[in-house]
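Given next, in structure tokens, is a single chain: the form predicted on its own.
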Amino acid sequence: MTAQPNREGSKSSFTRFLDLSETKLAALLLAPAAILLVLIVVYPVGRLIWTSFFNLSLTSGMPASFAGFENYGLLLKDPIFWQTTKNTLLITVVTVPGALLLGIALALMANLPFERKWPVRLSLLIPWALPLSFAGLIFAWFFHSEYGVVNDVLRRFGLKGIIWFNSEEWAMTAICLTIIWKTSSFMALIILAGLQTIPRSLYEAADVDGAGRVRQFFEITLPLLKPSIIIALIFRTITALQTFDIPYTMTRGGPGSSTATLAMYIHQNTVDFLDLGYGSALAVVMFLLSMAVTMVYLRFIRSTR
């Protein structure tokens, strides 16, 4: 007689535990993702910022000492920092629009009503799947002054070959062309996914109204592709600011430091010189640049809604 109320009481408490409010349920479901975010993003970034305030050089044999903003003061007076930052911004300004335009063209071609689309779409995956360092080595051979493919083609047309990696302008041109080729496929895949979501009925209605292909592109395709283009631009711009592999494998930053990027300078200070304090300050600057670019894109997205 006395056991029944206890079972009902325990059952009601268990039921109350399962009967969570929407707020508690949302917090419970988001907790694993929040913990993972703290472990792989918040803690490393916080540790990076903390290290940037210390004099920490593994080659000096001295213990770490708090330096305040000393590393940032040295950074502002460092001509190589300004050179590599300028190179990074130049690569970003040139390659992001170039990859976008080529990516749109490739996506439109892959979206044409071919009987067999898989060879065209497979060709988009090959540059994207190719490792960055491998692409840099391939194009370093393409642009070789003596036996490179590019100079061979120029000579066949009666033009003089170019010594690509002996001047700042030509070396940067070769790097930018390589990056555009490598990253345009990524842009094309995202834009192609956006093209698949556009209803065919809109084009059929435009055909009935007498709109040509060019007008359909600017009044239907391009406006409806805007979300996909913005997403592609965010990812491509952030990776452009972190460019390392292709310039490193093609020129090692030469001649001099004329093609070195900020990521390469960070690698040089942290891996080669083992100056973790100064390297962390450089990395913080790169992180702030990436965040600033992301905020500009997000603000643009909100303003267009």
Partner chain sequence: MSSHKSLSVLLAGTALSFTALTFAASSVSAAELRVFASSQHRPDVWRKAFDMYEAENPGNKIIMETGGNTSELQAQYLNTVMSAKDSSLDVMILDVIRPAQFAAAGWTTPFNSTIGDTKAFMSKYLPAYAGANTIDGKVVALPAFADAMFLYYRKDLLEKHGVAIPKTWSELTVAAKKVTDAENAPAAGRQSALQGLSFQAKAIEGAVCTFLLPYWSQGKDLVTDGKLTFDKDAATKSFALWKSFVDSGVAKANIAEVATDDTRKEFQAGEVLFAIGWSYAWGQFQTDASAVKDKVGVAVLPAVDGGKPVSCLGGWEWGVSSYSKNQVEAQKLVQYLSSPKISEFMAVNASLLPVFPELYKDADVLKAVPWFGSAQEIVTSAKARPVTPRYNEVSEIIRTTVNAVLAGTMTPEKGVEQMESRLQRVLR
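Here the structure is a predicted model, which means the values were calculated and not measured. Numbering follows the first chain given and starts at 1.
FYI, the form predicted in complex with its partner chain isn't displayed, but the following is about it.
- Contact annotation: of the candidates I230, L154, I163, L202, the single residue with a non-hydrogen atom within 4.5 angstroms of its partner chain in the predicted complex is I163.
- In the predicted complex, every residue of the candidate spot (S145, Y248 and R252) has a heavy atom lying within 4.5 Å of its partner chain.
- Mapping the unseen interface onto this chain, F69 falls outside it, with no heavy atom inside 4.5 Å of its partner chain in the predicted complex.
- Looking at L58, you'd find a heavy atom of it within 4.5 angstroms of its partner chain in the predicted complex.
- Contact check for S167: a non-hydrogen atom falls within 4.5 Å of its partner chain in the predicted complex.
- In the predicted complex, I35 stays away from its partner chain, with no heavy atom inside 4.5 Å.
- In plain terms, the part of the chain that comes close to its partner chain in the predicted complex, with a heavy atom within 4.5 Å, is 137-145 out of 137-145, 222-230, 172-180, 96-104.
- Residues Y248, R252, G254, P255, G256, H267, Q268, V271, D272, F273 are the ones in 248-273 with at least one heavy atom within 4.5 Å of its partner chain in the predicted complex, listed in sequence order.
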